[in-house]
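Presented as structure tokens, the chain that follows is alone, the form predicted on its own.
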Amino acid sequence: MAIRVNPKLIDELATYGAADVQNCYHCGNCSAVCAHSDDTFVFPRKPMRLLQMGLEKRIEASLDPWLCYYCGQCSTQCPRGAEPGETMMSLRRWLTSRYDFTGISRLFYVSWKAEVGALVLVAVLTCVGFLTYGFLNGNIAHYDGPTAFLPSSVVHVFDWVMAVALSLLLLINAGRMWWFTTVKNPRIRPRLASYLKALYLLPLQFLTQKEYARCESRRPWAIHLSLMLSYVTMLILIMFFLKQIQEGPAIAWPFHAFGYVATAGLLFGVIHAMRGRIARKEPHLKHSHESDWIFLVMLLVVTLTGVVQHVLHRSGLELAANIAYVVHLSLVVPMLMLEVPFGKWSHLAYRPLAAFLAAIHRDALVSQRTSTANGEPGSTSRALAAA
């Protein structure tokens, strides 16, 4: 079977942030110090080698980049300055663009101008849409009641339409990830029982990011977990309790208390990440792709406009609150519709899925090796292919 080589793959990865890949001479120090590397998934060394050889289909079928949590220890220990941690990050961006059937992820990662332009365009269209609806159906000086400029019932329906669209996009792209890494992978022949046995990993990894905690320092994991859980908390409040949190001006403490904690978590996580990327002292924050900054700025502005809107509404300044609400929604929509399925937020779906599929791969390889040891027909060729 012919193996297709892409000699320009390293140059292509440079646009996704990979640097100094050619410096790697495969000493293995990076994999030796990595808490996540094992006999089945040998990284960063193996992906670095595949990248140097231009074997893009092998990389496309690999879960290794998703199993790296970029603590930066591998880059610190590299004697050649090959930056393996940053290469794994770049490969995750590249793989995101491969899973995405629309091609939007690739466009965003290779051109920050295209990403910013798309965000601005969607923001403007969202603003025009909400203003049009508000002026036709309500009063901009009224935040609550039958003549509210943007009633919670209308925004609630809009939120669920967005949620369905986002879910479909993520499910399709997650399905493509499964197809590339597992179904089309000749080295893996998983059993249905393997899927069922590992199913618990999807919610566990999503909610705890527990593999990240295996890194030498748990501080990045704790900050990342706080940021992720804060985002998920706000999403749940908006999707299921919008009426309660939008009513006012009285504060509904059983709901708003969670919102305040989540807002604090978002602000803390974003500001910490920005300060770290400016200082560039920690290995995993030493390099920044344009998409990293766009993501952080969008999240910060969305959080701050939400705070402003909330304060104005609770202060009884309904006209100003409506204006701030339109601005806030005009930023929320492009962040959710563009950054979640096509940008860095998509990692929230791909990482738990990678942990789930990795467990299935390990189980399949053990089963194939056991079959080989028992001399079952056809098992030898599969085991050799898996080696």
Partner chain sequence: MERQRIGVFVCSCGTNIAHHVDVDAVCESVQGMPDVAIASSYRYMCSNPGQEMIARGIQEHQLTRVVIAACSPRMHEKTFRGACKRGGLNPYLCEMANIREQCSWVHSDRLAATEKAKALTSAAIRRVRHHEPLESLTAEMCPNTLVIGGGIAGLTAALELADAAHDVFLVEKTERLGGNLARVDLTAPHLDSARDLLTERITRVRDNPRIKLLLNSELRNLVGYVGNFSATVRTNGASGAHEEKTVDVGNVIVATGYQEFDAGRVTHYGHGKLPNVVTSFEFERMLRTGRIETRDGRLPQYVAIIHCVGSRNKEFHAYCSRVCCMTALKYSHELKSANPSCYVSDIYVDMHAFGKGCEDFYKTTSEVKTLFLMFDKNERPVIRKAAPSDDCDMLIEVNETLSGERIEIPADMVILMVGMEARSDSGEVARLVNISQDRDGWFMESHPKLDPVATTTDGIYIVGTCAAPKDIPDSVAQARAAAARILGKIAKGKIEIDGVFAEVQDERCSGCRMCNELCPYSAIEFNLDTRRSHVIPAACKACGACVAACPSGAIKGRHFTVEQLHAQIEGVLL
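Numbering follows the first chain given and starts at 1. Only a predicted model underlies this, so the values are computations on that prediction, with no experimental measurement involved.
Note that the form predicted in complex with the partner chain isn't included here; everything after this is about it.
This chain is displayed without the partner chain, yet in the predicted bound form the stretch 48-56 from 354-362, 340-348, 48-56, 315-323 comes within 4.5 Å of it by heavy atoms. With a 4.5 Å cutoff on heavy atoms, Asn23 counts as touching the partner chain in the predicted bound form. At least one heavy atom of Arg187 is located within 4.5 Å of the partner chain in the predicted bound form. Not displayed here, the partner chain is kept clear of Lys243 by more than 4.5 Å at the level of heavy atoms in the predicted bound form. In the predicted bound form, at least one heavy atom of Arg80 sits within 4.5 Å of a heavy atom of the partner chain. Contacts between stretch 6-36 and the partner chain, counted in the predicted bound form as any heavy atom lying within 4.5 Å, involve Pro7, Lys8, Ile10, Asp11, Ala14, Gln22, Asn23, Tyr25, His26, listed in sequence order.
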